[in-house]
Each structure stands twice: as structure tokens, then as C-alpha cells.
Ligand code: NAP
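Here's a solo chain for you in C-alpha cells, the form predicted on its own.
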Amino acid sequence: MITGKSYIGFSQQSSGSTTYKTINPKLNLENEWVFTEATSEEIDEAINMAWIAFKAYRNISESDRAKFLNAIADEIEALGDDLVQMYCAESGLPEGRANGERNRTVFQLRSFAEMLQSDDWKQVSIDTAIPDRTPAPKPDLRRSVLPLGPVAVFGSSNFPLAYSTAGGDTASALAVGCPVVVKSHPMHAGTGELIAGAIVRAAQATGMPEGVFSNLNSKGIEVGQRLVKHPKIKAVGFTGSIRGGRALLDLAAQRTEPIPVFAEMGSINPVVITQNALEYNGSKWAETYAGSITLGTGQFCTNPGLILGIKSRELTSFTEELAEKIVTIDPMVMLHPNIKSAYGRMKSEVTGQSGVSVLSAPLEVETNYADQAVATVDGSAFLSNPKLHTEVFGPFSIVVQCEDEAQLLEIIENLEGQLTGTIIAEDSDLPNLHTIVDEMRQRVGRLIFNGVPTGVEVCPSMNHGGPYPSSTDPRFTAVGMHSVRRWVRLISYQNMPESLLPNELQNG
């Protein structure tokens, strides 16, 4: 049953007067549930509870925290069809996507629980003493990590489960001993409440301290602003727009005690396709990329929004075939009327620029459905117009026809930071790709060969981040086991008695 209340620790509260509803974008109708935005008092209570909980939770054993994470996964699975139906009603996404994202969310939780069986994540380093070293003795130094403290997590619009209430930010922070206060995304507040209830039940069943998790309803930006500015919040996790992430980064920097904001933001994910790849497999890649551009209605942060090639008859054929294939895919509903409106506005702004040609046939679509499209422009126009470098969040991509390899490299060098970059090539191209690889890896966090950027594997080798503005700190990943490094800090112990050292640093 949906109450519309926030979770403040283990209890639900709704003392405020600001209410809102979620929208079923497929039906273009408001859903029945009414949600109450958290008040300033409720926000402060949740954070103060998290701070008190932190003093106990940071010292709870890894095995007990693993039990907590596995219990959350169990509770999410126990929600069954109720969760799937709510997810679909609030996002317009199909049941298959709901089930897939739920499985990923559960897998992430269990993966972090498994990670806790080893001390590898603690970045342990031990340098034993050399008391007779000359001219000065060497002290005994041992290094590990400590959790930062309560973390504010912002739910994302495009992943109601895997990047939201119990998503990767929450799971990784809880794993290393940080309580979490979630700002629930207003587009899927019902899904958030169901997941929040699962986390609370898991916390109670495994004996976690109250305040280890809270979920705050929020319609506007005020709740998020208060979270970031609160002195007892020690880090922020965010997935969303450049504008939103930058605003949080600036707020955090203005605090008396600045805190890190780990924001995953905009990316157009450039793809370079070689002449040989076009000549030998152009049709195959046109079909593959038509599917990747429209996957999830283009509402992925890794959507391939930019394709680069050198002018040729083969590139023209590829571009035309891509434009033909993309409109044969059935249009799908977008997450929210506001997202559909923003998609239409941004697409019109890009395609209205001088030198840009839309190649795909216009589509008549239902309300809130996306009309996917492919456009093209020459390299000189792209280089001279920053508006063509902006992300169009939806099923849209622009093909840039470069004069030569020198211009292609200049374009790559002048791109903003990206989450991914892709190279499509034949084996015969390999000896000539080193310069392109070198330029691409300066601009991206993940470099792909002969594939698509959509699809982010959850594993230790994954890096989901990149130079600004794709993320606020390119040294860290938002996906995979190493994402826990965002929520800990290094600490060294010098000449500490063994009995006072944490287990991972003791001689035994």
C-alpha cells in the first residue's frame, strides 16, 4: 500500500502541506497516489538520525553489513509484481525492462555483500618499521580506509531502480559503513516508497541502527538543497542533468566544510567509424546503431548521440541507411511529459542550426512518445558551433562528416568530457588507430571497440565516469565494485599498538 509519506528512519511521516502525484506517461494521466514533500524539520530529523546511526554503523562488522545488503535484495524480490506494476505505471517502461532493472538492482546489492568478504576494497598497505635505519629510523606505517559519514543520494529519472532508492550509490555507501538519506525522484515516488520500505524492513530484521536509511519525498529542489548544505551530510551521489549536478557541486563547494559531490551528468558518447568498417560492414553497423540509439527510447546516459566519419560515398550510404532503419523501429513512450517536451525542444534547437540536415523521415507519434531521428552536418560546421555538442536526451544522433582524419582528430580533441567513446573498425585498420585511440581516451571514461556504448556491465573492471561534464570527478566510477571508493577516505596509522589497529592491519 502506498502511503505517500517519507521514511524518516524506520517511521513514515508526512507533516507538510506540499503534495504532488506521479504521472503515467503512457496514458498521459496522473496516478492516483498523493505524495507529501518532506518538511525542513523532517529533513533535519532524518539527517540527525543518520549522524547518530553512523557512530554505530561504521563499526558494524562487514559480515553483518553483508547480511543487511542481502536482506534488502531479498525484500526487493519479495515485492513481486507489485513493484513491476508500480514501476511501469510511473515510467511507461515495459515489464521486461522493469524485471531486468530489478534483477540488476538485486545483483548490485549481492555483489557488494560478496565484496565485503574480502579486504581488497580497503586499499590496505603495510610498511613495517626499520628502527635501525640510518640516518633516521623508519616508523611502522599502515594504511586503510574509513567511511566518510552520512551520504545524500539523489534518485535518477531514467533508472527508477538501479540508480535510485536502492541503486548503486545507496548500495555502495551502505556497504562501506555510510548511512544514506535518499531524495526520492518525483517521477517515480511510488516505486521509491516500495523500495524504501524494503530497505527499512531489511534494516530492522538484521539489527541495523535506526537512521541508517531514510527516504525523503520531494517535488522541487528545496529538499535537495537543504540536504547538500546540511553540515552532517558528508558526500553526495547524483545521476542526472549537467545543470542539476553542477548546482549541487556549487552548493557543496560553498559550505563551511566543502564535501565531495559525485555526479554523473551529460554525455553524447562519440563513435568513430572507419572507412573500412563502412565499406565492409556498413549495413550491419547501421542496423546495430539504429537499435542502440533507440534503446530505452534513447534515455540512457550512454546513448550514442554523435557519430564521426570521414566524407565518402560509404559514409553517405551508412548515414542514409541509419536514417531509414531508425524510423522502422516502433516509437516508444518517454519517461515523463517534461522529458518529452525537453527532447523536442533540444532536438529542434540542434536540427535548426546552420548546416544541419535531418535525414530520417518525420514520424507521427502519440502523446509522450518519442519521434526518433538522425541528422548530419559537416565537420567545419560542427567544430564552429558549440550548440551541436550538447546532449539531446532521447533517441537522436547526429552524424558528422569530417573532411579528413586531421579534422576528425580536431573534433575529438575539442569535445567535452564523455562517459564513453567507441571505435568501429576492421582488423586492417589496427596499425593506424593509435592516434585516434590516444585522443579518444583523453576525452572518455570507457573506450569501446566494435560495440555499442549502451549497456553498463556491473563488475570490478567497469568504469562509469569520465572527464567533466560527464562526471564531477573523473577519478571515480559510479558503477562496479570500485564505486565504493567515493564514500571512504584514507587513514594511516603510525606506530600504533596492534590491539588498537583495525583487523585488516593487524599482523595476524
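The numbering used is simple: start at 1 and walk along the sequence shown. Since this is a predicted model, take the numbers as computed values, not measurements.
Just so it is clear, the following notes concern the form predicted in complex with this ligand, a form of the same protein that is not shown.
Heavy atoms within 4.5 Å of this ligand in the predicted bound form map, among the stretches 132 to 140, 276 to 284, 430 to 438, 150 to 158, onto 150 to 158 alone. For the candidate set G220, G355, P258, G96, a heavy atom within 4.5 Å of this ligand in the predicted bound form is found for exactly one residue, namely G220. Screening M187, C402, V200, A89 for any heavy atom within 4.5 Å of this ligand in the predicted bound form leaves a single hit, M187.
Looking at T420, you'd find every heavy atom of it more than 4.5 angstroms from this ligand in the predicted bound form.
Contact annotation: V327 falls outside 4.5 Å of this ligand in the predicted bound form, judged by heavy atom distances.
Using a 4.5 angstroms threshold between heavy atoms, G211 stays clear of this ligand in the predicted bound form.
In the predicted bound form, this ligand stays beyond 4.5 Å of every heavy atom belonging to A205. Although this ligand is not shown here, in the predicted bound form the stretch 216 to 254 places heavy atoms of S218, K219, G220, I221, G224, Q225, F238, T239, G240, S241, G244, A247, L248 within 4.5 Å of it, in sequence order.
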